[in-house]
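As C-alpha cells, one chain now follows by itself in the form predicted alone.
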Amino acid sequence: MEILIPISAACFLAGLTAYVVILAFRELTSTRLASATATVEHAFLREQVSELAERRQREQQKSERTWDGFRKFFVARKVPETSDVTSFYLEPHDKAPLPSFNPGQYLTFRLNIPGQPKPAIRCYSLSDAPKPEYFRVSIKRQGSPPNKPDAPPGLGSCYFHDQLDEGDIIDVRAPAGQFFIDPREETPAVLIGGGIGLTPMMSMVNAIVEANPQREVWFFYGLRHGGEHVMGDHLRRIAADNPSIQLNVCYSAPRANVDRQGEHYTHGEQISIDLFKRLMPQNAALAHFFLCGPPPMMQALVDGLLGWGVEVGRIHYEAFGPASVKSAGPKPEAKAGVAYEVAFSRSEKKIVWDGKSTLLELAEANGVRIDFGCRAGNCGTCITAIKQGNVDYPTKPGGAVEAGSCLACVAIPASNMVLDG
C-alpha cells in the first residue's frame, strides 16, 4: 500500500534533511579548519622553539669557546689584496675551536714590536663571516698623514705588513664590539664601507649570504680608484649569485683608460645621500644602515640620513682610527653655569674641564700620562679607575666597562671627579 505524504510535509522533510546536511558540513569544515589552524600554529611554535634552541646553542658555544685576556694565534696565511692592504688568516695556536662572533666586531691585538718600550695595542675589524677554524683581518698599511709628511707611519699596520710573517705568533683578545649585524634578520640592510672601512662590511655580507641569502641588501663601497679596490672579484660573485644583494661601487677619481665603469665600478662619484635617494626605493628609510669609513664621510652620511628621516636607532656606525663620529642622538652636556673639576690623584693635578675634551685629551693637554691604544673606546687600554664622580659617553664604548672605572678616551665628566691618574 503506497503512503502518500502531503507536499508541505515533503518540503519540510527535504528542508530538514538539507539543514542537517548543512550543519554536518559546517561541523566538518569547522573541524578541518580548526585542525589546519592548529597544525599551522604547531608548526609555527616548533619553528620558534627550534630557532630559540639554535640561538641558545650558538650562545652556549660562543660562551664555552671564548677566552679572557690574550690568546696565542699564529699567522696561517698572509694574502695581499692590493699594494697596501693585506689579509691575515689567524688560527689558534692551541688548535681549539674558535667562538662565533657577531659580524662587524673586531679583534684586539697586543703587538710586541722590536724597538718599542712596551707592547702596542691595536684593534682591527674582522673581515669574514664566523669560521670555526680561523679569524681573518684585512689591514691597510697606514703611511704618514698627507698633511704631516714628516710624521711616522702607522706603527701597528706597518708591523703587520713588514715584520709579521706566516707562522709567527701573535697575542689576540676575543672578538668584541657593539657595531654588528644579525645576519638572520629580515629587515633590509644598507651596508656602507669607505676605503678600508670595507672590512666589517665584508664580514656582514658574507654572513648574510651564508645565513639568509634572500635578505634585501644594498651594498655601497666607496674608494678613489681601482688601485684601492679590495676583494672586487669576490663582491661581484656575491652580487651575481644573490639577486637580493645590490652592489654599488663608487670611484671618486677613476683612472683614465684603466678603470672601466660597468666592469670595475658602478658610479663615478662619492657615496652620498643623493645617491641613496636616486637608487633606493622611497621606503628605504625603514632599513637599517651600517657605516664604516673615514670620519668625514661618516659624519656627512649620518647627518644626511637623519635629514632624510631615518630614525637614530636605524643608523649604526663604526669609527676606526683616533677619530669618531659625533653621536647622532642627544649628547650629554655639562649643566649650565657648572664647571666640572677633574682631579688626577697620583699626578696631584686639578683641572677645570673645558666642556668638550675627553678625559684622555684633558690629561694629555695637562701632562698627565694615560696609556691608550685605539682612542675610540674599543681596546680598553685607557681604562682608568674613578675614585669620585661620574662620567658620560657621547660615543658608546665598544665593550663593557668595569664598575668603578671609565674608558678615558671616550668619557667626559658628568660631575666633579677624582681619577687615579
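Don't overthink the numbering: it's just position in the shown sequence, from 1. Keep in mind that what you see is a predicted model, and the values were worked out from it rather than measured.
What comes next is about the form predicted in complex with a small molecule, which is not displayed.
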### Query
Candidate spot M280, L301 and G313, all three in 4.5 Å heavy atom range of the small molecule in the model of the complex?
no
### Task
Consider the chain as shown here, without its partner, and state which of G232, P99, P295, G156 has a heavy atom within 4.5 Å of the small molecule in the model of the complex.
G156
### Task
Counting non-hydrogen atoms within 4.5 angstroms of the small molecule in the model of the complex, say which of P213, G143, P80, P132 makes the cut.
G143
#### Entry: Heavy atom contact within 4.5 Å of the small molecule in the model of the complex, the stretch among 181-189, 70-78, 347-355, 156-164
156-164
### Query
So in the model of the complex, does any heavy atom of S203 sit within 4.5 Å of the small molecule?
no
### Query
Does any heavy atom of K148 come within 4.5 Å of a heavy atom of the small molecule in the model of the complex?
yes
### Query
Does the 4.5 Å heavy atom contact test between F219 and the small molecule in the model of the complex come out positive?
no
### Query
Does the 4.5 Å heavy atom contact test between F290 and the small molecule in the model of the complex come out positive?
no
